[in-house]
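The same protein chain appears twice below, in two forms, each given on its own as structure tokens and labelled structure 1 and structure 2.
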Structure 1
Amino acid sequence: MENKEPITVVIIEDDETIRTGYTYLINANKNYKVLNAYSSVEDALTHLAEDKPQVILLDIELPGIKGIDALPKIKTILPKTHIIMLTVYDSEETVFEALTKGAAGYLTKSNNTEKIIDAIQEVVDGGAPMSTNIAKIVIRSFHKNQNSPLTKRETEILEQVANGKSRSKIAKQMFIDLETVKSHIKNIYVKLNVHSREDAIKEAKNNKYI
């Protein structure tokens, strides 16, 4: 069933190639219309009240005000607008922070445009679109042992370790320095009473901490 009026969209994304590409591809479908595309939250905030989009595609990592910090500001201006987060960074902590701050959906940028257009329709219809990997994070969190001695950040780091990521790769992905990662891993070993990576993963999995 076609929409009588196109669903209106605003894009906030600092990568010009992605911003231009999404604008072109969304506008190519007559059921959707990109009202404006901004490279920063600061720029968008001065125009959003006038734009009044039904849906905003919001990059999570932006220069200046981060997408995740912009959520409450945008919801204050446009309480009925649906905000879908776009990210390359799918940590559990970030996912839940975005959802608690008012995000209606969460997609990784590896999704093709068709998936993003489907997500725009889904969110307008009352759904909560998520990439498969994001949905797995949400589901897995419900299956975890709620009495884990590990903090959210420690759990997140141990999950990355269990996935075979190096300490430097984890530091880069989580935007923290290498020494912080090492400190977290040391604390994980102490809390789990283990002395190796393998034992930490085994202990955490046996007790459903990860």
Structure 2
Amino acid sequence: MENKEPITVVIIEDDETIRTGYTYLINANKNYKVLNAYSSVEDALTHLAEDKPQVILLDIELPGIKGIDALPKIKTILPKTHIIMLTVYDSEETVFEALTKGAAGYLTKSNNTEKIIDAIQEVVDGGAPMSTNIAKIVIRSFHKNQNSPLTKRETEILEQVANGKSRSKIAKQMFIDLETVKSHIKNIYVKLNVHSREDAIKEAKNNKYI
């Protein structure tokens, strides 16, 4: 542990107290080194190519370019850098947007500050550090509604429809007649009170039936 190269970190955070606080905290540990701490994305982008940090701590609520919009820009410059999002709010859409854009971790600032070191180590090790409230949001997004009005077969078929399959393809694939598929879809539409594929998919996804 002694003579290993420290893990390099860059912080992008507009609140000076938090910024210097994290910098101090991280630098206090010899295994980690804060290369630079920027107060804006604009500022950071002009220096990141030089810094080449292994990990970036990126605030979401920033003036100017938002942290979320910075993600793809940073990824372009430094594709291998692990980006950990920092936030005070845990808005569901923001969480998912950040994750789809390649965030490796997601922490709320209320988090025990010492945890930040663990999180940095974790992303470097290929992990995905998350605050418990973020984990909850992510896991819940997977949960399906257990009270679906659709039968097992109907759900199966609607899933295929949602995958863009035509009725005839579904029929072939499930080894049933096209008429059977049509019949199921008719029943699905009645149960969901819709009159089109589009609305059926929308309704089913909204209620997590599929």
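We call the rigid core the largest set of C-alpha positions that still match within 1.5 Å between the two forms. Just so it is clear, the model here is predicted, and its values are computed rather than measured. Here, a residue number simply tells you its place in the sequence of structure 1, counted from 1.
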Task: Structure number of the form predicted alone - done: 1
Task: C-alpha of A44 off by 2 Å or more between the two structures on rigid core - done: no
Task: C-alpha of N187 off by 2 Å or more between the two structures on rigid core - done: yes
TODO: Taking the rigid core as the superposition reference, indicate whether the CA of T17 shifts 2 angstroms or more between the two structures.
DONE: no
Open item on the list: After superposing on the rigid core, how much does the Cα of R153 shift between the two structures, in Å?
Closed with: 29.9
